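The form predicted alone is given below as one chain in structure tokens.
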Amino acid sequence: MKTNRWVTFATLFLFLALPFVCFAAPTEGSKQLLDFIIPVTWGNWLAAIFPLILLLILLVKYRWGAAEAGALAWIFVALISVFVFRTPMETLALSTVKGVWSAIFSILIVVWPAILIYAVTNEAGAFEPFRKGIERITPNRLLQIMAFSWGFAGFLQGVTGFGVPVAIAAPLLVGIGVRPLAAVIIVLIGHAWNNTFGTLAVAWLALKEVTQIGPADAAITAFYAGIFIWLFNIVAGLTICWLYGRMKGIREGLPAVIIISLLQGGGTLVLGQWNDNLNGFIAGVLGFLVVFALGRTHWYNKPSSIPPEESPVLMPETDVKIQSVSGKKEMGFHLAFSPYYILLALTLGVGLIQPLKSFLGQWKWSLYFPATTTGFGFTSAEALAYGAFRPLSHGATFLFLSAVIGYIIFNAKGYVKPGGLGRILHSTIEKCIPATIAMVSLVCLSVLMRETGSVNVLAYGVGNATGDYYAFMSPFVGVLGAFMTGSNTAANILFSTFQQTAAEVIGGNPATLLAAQTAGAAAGNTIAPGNVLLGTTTVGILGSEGDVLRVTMVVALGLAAVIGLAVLLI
């Protein structure tokens, strides 16, 4: 897949260089946006952003793998933390342990079983009947892709989150003939719209908790957030169509984009005034189910007008590698999809039955970390139960059980050849090792920047540089938070109070800045290294993270710019 290289780097330069140019030469009367314990000088700001620039250049420009680029960037973060941000060695060590723990029990715990369930499905030869079953619903390849990357992934985000939509939907797209790189890009763009109110609205609830906004202000903030998310949702649909067939793809997919976005984005806007927890779930369900009705319309009850060989996202038929089991009756669609039915049943059964979820959630694993203080006096809070992992109610457990039960079913039906279990385990371990190295280094980098205050220096520097025009930059702070933490929830916890105070200082509307924060963080999930790694690992193209970012970064930053303009006008 090709994209305009100049557009990519121009956008990257705008995001990274413009705030620095403004901040490096402040005027005598420039307005101090917020007081901050660490001096927000141009030198500190440059030191804070340098590892991120290095990471992005290595990934996007030189196409390093995330493991190599992340490890080198972490070394620079560690050196800068000690020599610039006056970080004691104890804090450095504790932050590293926090990073390893977070990487394992926040991200890798999802990566490992997601790879396993894909290996089980592939070994059983389930992707071919799966593809044929989808074609019976609609022969239109564009709608098929939209169904999984936008509808199904958005639905999964509504109930699971934690990267599960990327880990599940990207391999499914490969199974129906989408190029692996395109599959990762499309799913990253297609699922992130539901990041604020998905996972039973945990990111939105975190924003309300840290800002302590009342019901009336929360309703106004939800209204603006719903508008921005709807905009994101439309952009996601149109981008998928563009990637599939450029302007021809947009013309063909426009009816579906209008109808699906009305239910997903419009549903989010309306439901935001009614129920926080069920908002993303209901919007996701409606957006997914309508695809089946669209498949029966005159728009999509026939093959796409764009031949497969003309679509840059589709593999040539000769390159589609699908396992098959000779001598056996052809597997039916529902049997092929059985591991994912099990996953949905477990997720919905536990996630939506609150008493059961609370009961299973009683058991948790966590670590205690004492508070730490840098030489500047920047303090990280004491963590009595850091990174709590609840094994009986976590999506990773549901993924693992789905893979095991799926293997038992496929094996009992005779669709697993002799030695299949060994091949499944070998394939899973082979993919897990490099992904684990990459994820640990990237999360350690993120945690260390957070614990030493350098992330806050970045945000405060942008605020001080832009002053009254900070409203435009507010969604970029959300993007930065999600990029650094890999989570809309963590980004909201990190920067929501900053956005709230910034609104008071510049005389802006706190509701619009908070809405821009969480919408920007949702967009930032398309470039979060953890999500990108989930996709590249599960489809077998680990090391191609830079190629993914070349596309998703344009979408994330372009969308942030549009939201920023809207906030500035409001």
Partner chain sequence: MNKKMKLLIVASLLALMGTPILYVGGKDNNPTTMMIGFIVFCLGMGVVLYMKLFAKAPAKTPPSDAKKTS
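Numbering follows the first chain given and starts at 1. Since the model is a prediction, treat every value here as computed from it, not as a measurement.
The discussion below concerns the form predicted together with the partner chain, not included here.
K.L.:
For the spot marked by Gly133, Arg296 and Val567, is every residue within 4.5 Å of the partner chain in the predicted bound form through some heavy atom?
P.N.:
Contact check failed for every one of Gly133, Arg296 and Val567.
K.L.:
For the chain shown here without its partner, which stretch in 65 to 73, 40 to 48, 503 to 511, 530 to 538 has non-hydrogen atoms within 4.5 angstroms of the partner chain in the predicted bound form?
P.N.:
Result for this chain: 65 to 73.
K.L.:
Thr374 versus the partner chain, in the predicted bound form: is there a non-hydrogen atom within 4.5 Å?
P.N.:
Thr374: no contact with the partner chain in the predicted bound form.
K.L.:
Is the gap between Phe369 and the partner chain in the predicted bound form 4.5 Å or less for some heavy atom pair?
P.N.:
Contact check for Phe369: yes, within 4.5 Å of the partner chain in the predicted bound form.
K.L.:
Heavy atoms within 4.5 Å of the partner chain in the predicted bound form: does Lys248 have any?
P.N.:
Lys248: no contact with the partner chain in the predicted bound form.
K.L.:
Looking at the partner-bound form in the predicted bound form, is Arg86 within 4.5 Å of the partner chain by any heavy atom?
P.N.:
Because no heavy atom of Arg86 falls inside 4.5 Å of the partner chain in the predicted bound form, the answer is no.
K.L.:
Please pick, from Leu271, Leu181, Val235, Ile493, the one residue with any non-hydrogen atom lying within 4.5 angstroms of the partner chain in the predicted bound form.
P.N.:
Contact with the partner chain in the predicted bound form is made by Leu181 alone.
K.L.:
Quick check on this chain: which one of Leu289, Leu348, Ile433, Leu356 has a heavy atom within 4.5 Å of the partner chain in the predicted bound form?
P.N.:
Of Leu289, Leu348, Ile433, Leu356, the residue with a heavy atom within 4.5 Å of the partner chain in the predicted bound form is Ile433.
K.L.:
At 4.5 Å, heavy atom to heavy atom, what parts of 442 to 474 sit next to the partner chain in the predicted bound form? List them in sequence order, or say none.
P.N.:
Just Cys444.
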